[in-house]
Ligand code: HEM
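Consider the single chain below, provided in structure tokens and representing the form predicted on its own.
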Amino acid sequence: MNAPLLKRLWQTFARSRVGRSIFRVGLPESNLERSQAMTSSFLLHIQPAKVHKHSLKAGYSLGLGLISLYLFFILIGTGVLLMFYYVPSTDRAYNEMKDLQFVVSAGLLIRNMHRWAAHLMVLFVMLHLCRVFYTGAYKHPREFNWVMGVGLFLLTLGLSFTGYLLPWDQLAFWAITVGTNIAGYAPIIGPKVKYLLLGGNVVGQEALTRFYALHVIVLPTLALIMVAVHLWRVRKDGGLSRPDESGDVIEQIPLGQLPTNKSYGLMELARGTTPQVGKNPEDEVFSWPHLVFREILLFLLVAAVVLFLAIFWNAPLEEYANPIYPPNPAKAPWYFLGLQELVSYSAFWGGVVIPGLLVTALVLLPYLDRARAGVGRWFARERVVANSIFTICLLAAIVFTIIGTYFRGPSWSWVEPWQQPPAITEGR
């Protein structure tokens, strides 16, 4: 079949009674139909009918937010498939992992995709947070959405951390042991949080049950709710931030103060929204097809990358979890290795004070930094001080993570990864 024939068949179906009952608008051909396609579609209505040209530039947002969302969808899909075979029991969990690896058709591929998507989601949510900061997109009117983003980043860490225990191998068992010990360093509430997570004082069946419930029910539900609110606020707060050509802040006029000598769109008034001053219609394009097609292509690219990684690099599965023989050193998951390195210097300062201050600073940031200069531009000169402080903290986190990953050996002693350990010879 050629493209014109497919197009005619689609138009015939879309205009039929059955087609109209499913798709209110067929394949959009006019500007009116492009607007109707966005407002009448269940999947597309969350986005506006038109978007600013600046928002479509790949170099501005880098698609980091969408990539994070797509990875979350991949995690949900592969996670549901894994739930068909997994049993949260210390007696069966490890064997189920082995069955996925050697018995279940495509079981290893699904587990690999789930694992890679989880790691990539932690990375890209962090990169998305950095992008929002470096472009000043956390400022008015997006303060609350920035706080939601910080919460989603912490929730992403929680999702990955709770899923780390489920294979019930040596790597998972001791990584969770180290991670919950770090949580226990918090004064007053630390031991209680650790006991609540583990259901006791050691990693066992109670801990596996709780981590499984958190990983497949509690945290995904919270994440879905927060993602929905986050996306809704992006739409209601005016979309992606952008530099205003006049240098003035784009303002919103209260409905009760609309001028009587100027007419506004009925759709805007019906929705209860307010027209924006300084918003030029010629700077906007229709979301269909400009935005929608870009989103589809990006999803295909993300899925292809995850599939490629899953085919060529397997998720690790070590020996059955053994609480008697801990590895030396026992390390937390990679995204907590920087925190583990700080804890090695001081449990209280490295495990409680510094992380607490950083999270508090991120939450309060948009309410303390209220200057409008430099919003919507990467590394704006007007924000050199804020960007420098954030970069120093980010580089410090990366350095500590690298040290914890490659430069720490037995008993958390300093080792040089490029030097081979001396061979151990047995005496005769």
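Since the model is a prediction, treat every value here as computed from it, not as a measurement. Quick note: we count residues from 1 along the sequence shown, nothing fancier.
Keep in mind that the form predicted in complex with the named molecule is missing from the display, and what follows is about it.
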Residue within 4.5 Å of the named molecule in the model of the complex by heavy atom, from 97, 137, 176, 118, is 137
Answer key: of 35, 61, 41, 401, within 4.5 Å of the named molecule in the model of the complex (heavy atoms) is 61
Check your understanding: All three of 90, 114 and 315 touching the named molecule in the model of the complex at 4.5 Å, heavy atom to heavy atom?
Key -> no
*Is residue 215 close to the named molecule in the model of the complex, meaning a heavy atom pair under 4.5 Å apart or at it?*
no
Item to check | Partner contact for residue 66 in the model of the complex: the named molecule, 4.5 angstroms, heavy atom | outcome: yes
Q: Report yes if any heavy atom of residue 170 sits within 4.5 Å of a heavy atom of the named molecule in the model of the complex; otherwise report no.
A: no
Point to revise | Contact label in the model of the complex: residue 239 to the named molecule, heavy atom within 4.5 Å | key: yes
Only one of 151 to 159, 102 to 110, 306 to 314, 351 to 359 sits within 4.5 Å of the named molecule in the model of the complex by heavy atom distance, namely 151 to 159
Near the named molecule in the model of the complex, with a heavy atom at 4.5 Å or closer, the residues from 115 to 132 are 121, 125, 128, 129, 131, 132
